[in-house]
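Next up: just one chain, as structure tokens, the form predicted on its own.
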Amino acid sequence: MGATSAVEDRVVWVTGASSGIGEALAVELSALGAKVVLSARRRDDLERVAARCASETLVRPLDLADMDDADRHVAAVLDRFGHVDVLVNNGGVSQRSLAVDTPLSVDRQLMEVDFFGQVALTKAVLPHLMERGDGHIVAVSSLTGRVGIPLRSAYSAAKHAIHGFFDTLRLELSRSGIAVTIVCPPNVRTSISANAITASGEPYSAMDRIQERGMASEQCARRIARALRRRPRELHIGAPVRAIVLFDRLLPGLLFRLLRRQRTFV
């Protein structure tokens, strides 16, 4: 079975779809025949992405920092398409500040968007998936969800929490027909660093050198799209991610020393 048959005529909901990995994934899935729900905060950007898509789309703006109305968003998607097959929790915001300099309010802001936002939407969609006895929930994490990286303390904490929640959810749903996949992308050439939050709560507004050298968002999107067929428990994209995760499991002390020698993480 090819990648096309995995998503053709299926309804895939992508958050963070206004740019970066989310935009590239929406375009890739639409080219494979999926009906795509596009969500992020800015309607204008979502409309631009919808214009790039080759299949039917629904633009549904939402703010992951304020998901009290998650059920309303789900109802709107079901009213349009009748069902949801795949939910890709991709939206989020990164961080560029030392833990000692970051006020608790900024830590809470990051957790609200990067963890509670994903959890709220997942919980709102879950009863529908369980009623159908089928579906796929994808949570886009990060290498920092496995290994702590300087300047990303709250972001890393949120991504670690993603692994704890969705690993548990996978076990709870193991007899339901619903798959749960956690994706750990590599550094990808997106605006994630420019949009990252600093200690003041303002955007970092600069492109990291490591982001500039990262994988193209289209390449990352193709890897995720292929994984929708296999429905793996966890997807580590790229040799560096796989190597660092393996080092952390087998030689954590050595990895700590290697990371401590790094001069910069931006």
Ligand SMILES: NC(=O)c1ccc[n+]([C@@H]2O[C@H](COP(=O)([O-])OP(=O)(O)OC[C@H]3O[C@@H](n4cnc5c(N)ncnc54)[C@H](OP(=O)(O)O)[C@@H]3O)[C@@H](O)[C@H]2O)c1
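In this text, residue numbers run from 1 along the sequence as written. Fair warning: this is a prediction, and the values are worked out from it, not measured in the lab.
Absent from the display: the form predicted together with the named molecule. The rest refers to it.
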Contact segment among 88-96, 165-173, 127-135, 71-79, judged by heavy atoms lying within 4.5 Å of the named molecule in the model of the complex: 88-96
Does residue 181 make contact with the named molecule in the model of the complex, using a 4.5 Å heavy atom cut-off? no
Does residue 63 reach the named molecule in the model of the complex, with heavy atoms at most 4.5 Å apart? yes
How about residue 188: is it within 4.5 Å of the named molecule in the model of the complex, going by heavy atoms? yes
Is residue 12 near the named molecule? Define near as a heavy atom within 4.5 Å, in the model of the complex. no
At a 4.5 angstroms cut-off on non-hydrogen atoms, which residues of 29-49 are near the named molecule in the model of the complex? List them in order. 40, 41, 42
